[in-house]
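First comes one chain, alone, set out as structure tokens in the form predicted alone.
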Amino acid sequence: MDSVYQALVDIVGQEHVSNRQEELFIYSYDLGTTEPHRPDYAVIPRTTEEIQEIVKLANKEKVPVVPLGGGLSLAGLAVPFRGGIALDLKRMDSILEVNEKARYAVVECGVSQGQLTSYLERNFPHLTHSEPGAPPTATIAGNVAIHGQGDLAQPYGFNSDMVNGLEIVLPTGEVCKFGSCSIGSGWYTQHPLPDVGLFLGWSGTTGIITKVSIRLFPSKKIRGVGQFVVEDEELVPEIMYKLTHTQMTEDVIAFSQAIPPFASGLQHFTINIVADSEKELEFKHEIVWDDTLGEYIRSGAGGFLGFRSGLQRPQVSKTSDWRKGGGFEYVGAIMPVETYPECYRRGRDISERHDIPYTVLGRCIGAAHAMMFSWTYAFNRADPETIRQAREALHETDDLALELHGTIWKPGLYGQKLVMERLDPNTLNLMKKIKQMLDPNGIMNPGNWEVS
């Protein structure tokens, strides 16, 4: 019998380990264009202690470990490029604490966005968290680990900026805590203690997040969304700046897409407003639509497409065009807001050259401090030619993001290579030292962020 398989069975029980090829296949790919690579084992632990034992075994046997949250990454970040153990974290799904007065929640690494949303709606309806607009099975810890954004990004920023504390299993098996929890003072802040940045943005190559404390925010009683459209893409940065200046919006997204055809070439704004009363909603509506956007409407430069209350929170992933056969991947980039017009024009050109209906989107981060921009390329999984076209378009767009002075968000292997080629040499050398120190046997998600 396979000694590694038996050791994994001893740690988590036979029902939570597999080396069956048909089950390993599920862990060999994600929803994007990355070529599949099959792991040797799939393991579903339930506790931090079990993860510790798995990591120690992996070090002893020199077996790679690839952590997996909701499995919704599109860029190959959790594909086991060198086999080994696919560490499925879905069973670690406990919501450990919600502190109502300090507005934070402590969750295990397998807790999904939808799970926390439902829990808060049932038990703390006046609290909410920043949802990324991904399917509800995406995990809180996974989104934090990739510097994810959410639908509260416009007032508050990235979800990784909302972290109060982390529990981490290091690549050698030790458990570390960061933030106030590390000194036994609760999970309410990471300031002013040493930062947790060694574990955010590294695609699971420096450790496995097992617990995270995330900030919660007031949940208003009334939610509404308005639609606004302009033809001139050059107006988008100016409009975003003015909208964020009001401090009245919860979320601002600008997008353009080829489908439906009548919308092609137009720049659409989705603007979320929340309030605790009709009077507050009316006041915010007046500031946003009449005072701020009114000048564009009166001049004929823009059009008001209506405002509706009581809508669900936006799912930005639904703006993508799905071809028959199903599949899409996007290049995300954190860009200066003023680059939107060029992002739109150049991204549309790439899509059209590769015969892909274009979808471009920019979500405002903070008070127009930055924009999470995405260029989306649909493909048919049953048609290798469309996959090739999408992959080529994605690579061109990685190049474009850096050319336009952006930073690639959750880059795949090609994008990581581009970033490391441009990194300050001393920064790159420090990354290498950090990885060698934390992961001396190179077992953590090998292939990602490999600093030569």
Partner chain sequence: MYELKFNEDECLSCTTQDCLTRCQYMDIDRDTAKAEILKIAHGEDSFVLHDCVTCYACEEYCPVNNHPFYLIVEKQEELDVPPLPRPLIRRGIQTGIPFRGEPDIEEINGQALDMGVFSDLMYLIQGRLFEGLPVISQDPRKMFHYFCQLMYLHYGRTSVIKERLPGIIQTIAKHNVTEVICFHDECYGTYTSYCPAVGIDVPFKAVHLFEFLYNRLNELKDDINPINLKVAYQRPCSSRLSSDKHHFVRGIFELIGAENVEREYVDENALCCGGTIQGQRREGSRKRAADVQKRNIEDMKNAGAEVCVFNCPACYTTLGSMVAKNGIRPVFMSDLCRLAIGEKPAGWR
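Numbering follows the first chain given and starts at 1. Just so it is clear, the model here is predicted, and its values are computed rather than measured.
In what follows, reference is made to the form predicted together with its partner chain, a form of this protein that is not presented.
- For the candidate set G150, G84, G302, G76, a heavy atom within 4.5 Å of its partner chain in the model of the complex is found for exactly one residue, namely G302.
- This chain appears without its partner; in the model of the complex, the one residue of Y156, Y241, W289, F217 with a heavy atom within 4.5 Å of its partner chain is W289.
- With respect to its partner chain in the model of the complex, the three residues V230, P261 and G306 uniformly fall within 4.5 angstroms at the level of their nearest heavy atom.
- Its partner chain in the model of the complex is approached by G265, whose closest heavy atom lies within 4.5 angstroms of it.
- Shown alone here, I297 lies within 4.5 Å of its partner chain in the model of the complex, counting heavy atoms only.
- Contact between H285 and its partner chain in the model of the complex is found at the 4.5 Å heavy atom cutoff.
- Using a 4.5 Å cutoff between non-hydrogen atoms, E100 does not count as a contact of its partner chain in the model of the complex.
- Partner contact region in the model of the complex: 274-282, out of 243-251, 197-205, 183-191, 274-282, criterion any non-hydrogen atom within 4.5 Å of its partner chain.
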